[in-house]
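For reference, the chain that follows is the form predicted alone, supplied as structure tokens.
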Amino acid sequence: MERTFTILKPDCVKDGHVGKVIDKILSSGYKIIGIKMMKMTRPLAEGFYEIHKGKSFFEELILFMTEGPCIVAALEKENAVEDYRTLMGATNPLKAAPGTIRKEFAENISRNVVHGADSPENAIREIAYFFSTSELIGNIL
């Protein structure tokens, strides 16, 4: 069993897509083993996206991720990371495949509804960034 991490970003929450996105996740065979709603602080967002510090889009990304509540979740299934990257779709919703989360719900390349870990190693790091081990429970949903 492999784990991955996702953020349902502030645009997803604001636009009322949370239930539909979670349904797509569950319908794709994922088990949610940790989930919580939060409003990221600037230091929390800067720490999480530290890899992008110095890039032209960094400030816009931090402002976006701190503008409203989001949902962070740890997911589990076989081939979780790769399958979730496919389920999310391309970062640019105009290039995303039909049926993907971003094709159905994203506004544009910057406001793209969800984040997903890009490797099993980063999934472990990202889950640990937002969840203590006691917050991860097998098969919440």
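Don't overthink the numbering: it's just position in the shown sequence, from 1. Please read these numbers as outputs of a predicted model, since none were measured by experiment.
The next section is about a form of this same protein that is not shown, the form predicted in complex with inosine-5'-diphosphate.
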Using a 4.5 Å heavy atom cut-off, indicate which stretch of 74 to 82, 39 to 47, 24 to 32, 60 to 68 touches inosine-5'-diphosphate in the predicted bound form.
60 to 68
Any of the heavy atoms of His52 lying within 4.5 Å of inosine-5'-diphosphate in the predicted bound form?
yes
According to a 4.5 angstroms non-hydrogen atom cut-off, is Thr91 in contact with inosine-5'-diphosphate in the predicted bound form?
yes
Asn112: heavy atom within 4.5 Å of inosine-5'-diphosphate in the predicted bound form?
yes
Those residues of 1 to 40 with a non-hydrogen atom no more than 4.5 Å from inosine-5'-diphosphate in the predicted bound form are Lys9
